[in-house]
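We begin with a single chain expressed as structure tokens, specifically the form predicted on its own.
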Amino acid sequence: MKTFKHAIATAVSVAALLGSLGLAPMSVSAADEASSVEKGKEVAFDRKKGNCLGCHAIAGGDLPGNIGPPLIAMKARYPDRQKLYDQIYDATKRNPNSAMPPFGRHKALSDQEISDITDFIWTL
């Protein structure tokens, strides 16, 4: 009986310690963010989906286009993540003459896919 009580007390102590350090929620959040970035990269590099490489040079991408600017220093260029999302969703709102397709307005990509691409592009 003492061993069982000791094991319960130890488990509660460890859980309290981890909770107070914020490790459990951060781990889940970091995993979700990494997953979103990976999904975004997948869609961005997919020639049948986002096809960002058709117009942009992106680190790690093959056969990039040069119609659009290279995607580098994106957090410096778009400190507000929402503005980057809006640009990907419909670039013609800011620039009616943009050659960038309005992926969201035309429903070429889902809102989630655009969000994932935004997470990926924002890491560049």
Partner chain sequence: MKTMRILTAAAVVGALLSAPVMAGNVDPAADLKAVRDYFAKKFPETPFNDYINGVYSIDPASRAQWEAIEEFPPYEPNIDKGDELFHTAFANGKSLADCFPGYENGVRQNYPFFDKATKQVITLELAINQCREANGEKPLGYKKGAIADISAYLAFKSRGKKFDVKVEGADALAWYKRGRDHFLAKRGQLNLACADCHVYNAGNYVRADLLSPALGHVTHFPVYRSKWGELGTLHRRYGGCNKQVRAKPFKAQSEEYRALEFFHTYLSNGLEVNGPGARK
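Predicted, not measured: the structure shown is a model, and the values here were computed from it. Positions refer to the first chain, counted from 1.
Just so it is clear, the following notes concern the form predicted in complex with the partner chain, a form of the same protein that is not shown.
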{"query": "Exercise: residue 62 in contact with the partner chain in the predicted bound form, heavy atom 4.5 Å", "finding": "yes"}
{"query": "Residue 34: touches the partner chain in the predicted bound form, heavy atom cutoff 4.5 angstroms", "finding": "no"}
{"query": "Contact test in the predicted bound form: residue 71 vs the partner chain, heavy atoms, 4.5 Å", "finding": "no"}
{"query": "Distance check, residue 95 to the partner chain in the predicted bound form, heavy atom within 4.5 Å", "finding": "yes"}
{"query": "In the predicted bound form: members of 87 to 124 within 4.5 Å of the partner chain, any heavy atom", "finding": "92, 94, 95, 96, 97, 98, 99, 101, 102, 105, 106, 107, 108"}
